[in-house]
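What follows is a single chain, given as structure tokens, in the form predicted on its own.
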């Protein structure tokens, strides 16, 4: 089941103009770069990107940039504060008549999970509380990817990172659960919160376009497939983004005024192993022998999530989930 598009019916409807040039100096197969490209297409050219230190910082190295829009680089903890400063400056110029409405800029925060889930959470929470009119895009590759792939509070249970290695004490690697940033954001009642996937292009474009009519914080969580940190052939990037949705591990949903709806529900849920097996960070769950307990725990968590969706949302989603249950 997919929510019917209001603005885009197929990928052909998405704007053709490119705001990012080819040849960006990022890893081949980076899901975060694909997501930024798509989001920027819908937002248009008049954007100021406020970038927290992280993988994406490598994209704009002075004096070169593959991006047509403006770019401000901040520390990991201060990206939302930087966005506030830019928005305030634009508003002051408009109030003085120095900036016409048609020349105004959208302010887009671009941050990884390290900044979003950990170091920058306080500043972002304050910006949401103040009702800052901005877009926030988190490219979530589930670790501190730019400094060696250390564990973040976004790292999923049973994944291997450089700071949660496999050992006798913790044979599953990361034993903590991934922080639920969608619900943390939603609890502050912003106008719009959504999860997106670079594979579901129309769903992503629809969500960004819907947010254009809203004033205040617009918050997007994107699963950023990461060949370097996750350990897979870059050619499998889109397939893994698809499998994350097909297995139910990465639910696609939005909250408008706090009310949640799931925008894509697979016709049939695949077992979580289909998504986990191709990734080096999960290889210990399959070799030298299956880590049955951990695999079952992951599957049960996914099943429990969708069981709860069925109870909470009901209606068409409930019928679809009953039909799709694997």
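Numbering follows the first chain given and starts at 1. These numbers were taken from a predicted model, which means no experiment stands behind them.
Separately, the form predicted together with a small molecule exists; it is not shown, and the next lines address it.
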Which of 163 to 171, 79 to 87, 214 to 222, 114 to 122 lies within 4.5 Å of the small molecule in the predicted complex, heavy atoms considered? The stretch 114 to 122
Counting non-hydrogen atoms within 4.5 angstroms of the small molecule in the predicted complex, say which of 295, 43, 67, 53 makes the cut.
53
Within a 4.5 Å heavy atom cut-off, is residue 176 in contact with the small molecule in the predicted complex?
no
Is residue 134 part of the interface with the small molecule in the predicted complex - any heavy atom within 4.5 Å?
no
Can you check whether residue 147 is within 4.5 Å of the small molecule in the predicted complex, heavy atom basis?
yes
Does the small molecule get within 4.5 angstroms of any non-hydrogen atom of residue 143 in the predicted complex?
yes
